[in-house]
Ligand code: COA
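One chain is shown next in structure tokens, namely the form predicted alone.
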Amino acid sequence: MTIRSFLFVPGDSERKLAKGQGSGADALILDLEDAVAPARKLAARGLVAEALAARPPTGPELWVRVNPLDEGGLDDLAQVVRPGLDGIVLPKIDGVAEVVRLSHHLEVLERRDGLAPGSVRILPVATETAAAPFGLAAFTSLELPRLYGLTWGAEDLATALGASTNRDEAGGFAFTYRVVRSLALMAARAAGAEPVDTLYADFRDGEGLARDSAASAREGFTGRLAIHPDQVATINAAFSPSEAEVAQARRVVEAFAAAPDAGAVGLDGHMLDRPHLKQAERILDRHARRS
């Protein structure tokens, strides 16, 4: 199932871990990286492992953002790869080699704990270093079924570039970050994976989040990261087909079904060809999975 909302939850907060279960998010990212102070990382591993072990039978998927593999990430994996884990978010990669390396570790750990091979999926944050954007094209030839999608990050990239901000004078992302965002979207689609948009930093700006998420969905992203429970409902709505979109998609599919040998059909004064049919089928598939 396509995940519309990934909500970050600090891995060292029992209260927030419990609260996340009722947030309405499609997936929680139990965070062992940036949301946890260095002195709390060991305790956070234990709390996240306990949360996975106590996972209720219903509720959001549970993902874990580990630290970079050579900065504590391997120790994170050893403790959190267990029944109840749906996926790993891998931050600050320089390229696809680190994703392949993670997959090899997951193969061993899945076998250790009796998990189905390939059951733990991967969502890399693929643009957080200066080198990373240059390696996005490599994902297009990567054959890795456990790769769920690609997401991107602007905050750590700005730090890596020595930028004072990632915003332009109008308040939107500056040119560099818009380019990286587009490349991440295209790389995900070319790899057959889900493009997941980055977080909207001002969690108090619900109207801005709604506008930005609607634009993101129009561009082709299928979900986005959230940093506060109040953002979840808005994100879920933006990345769910509207009733009008579903109704129009059904009309498109019906029009092609009525002319099975036609390469193009007319509808409401417009000529539609096979790409329009594929788009309509994708909308109906997303709707069916949520019904």
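Residues carry their position along the shown sequence, with the first being 1. In this text the structure is predicted, and so the values were computed from the model without any measurement.
Here the subject shifts to the form predicted together with this ligand, a form of this protein not shown in this document.
Comment: 196-204 is the region of 215-223, 159-167, 196-204, 180-188 lying near this ligand in the model of the complex, near meaning a non-hydrogen atom within 4.5 Å. This ligand in the model of the complex comes within 4.5 Å of no heavy atom belonging to Lys278.
With a 4.5 Å cutoff on heavy atoms, Ile227 counts as touching this ligand in the model of the complex.
Interface residue remark: Arg274 is not counted as part of the site for this ligand in the model of the complex, having no heavy atom within 4.5 Å. Among heavy atoms of Asp26, none comes within 4.5 Å of this ligand in the model of the complex. Of all the residues from 5-29, those having a non-hydrogen atom no more than 4.5 Å from this ligand in the model of the complex are Leu7, Phe8, Val9, Pro10, Arg15, Lys16, Lys19, Gly20.
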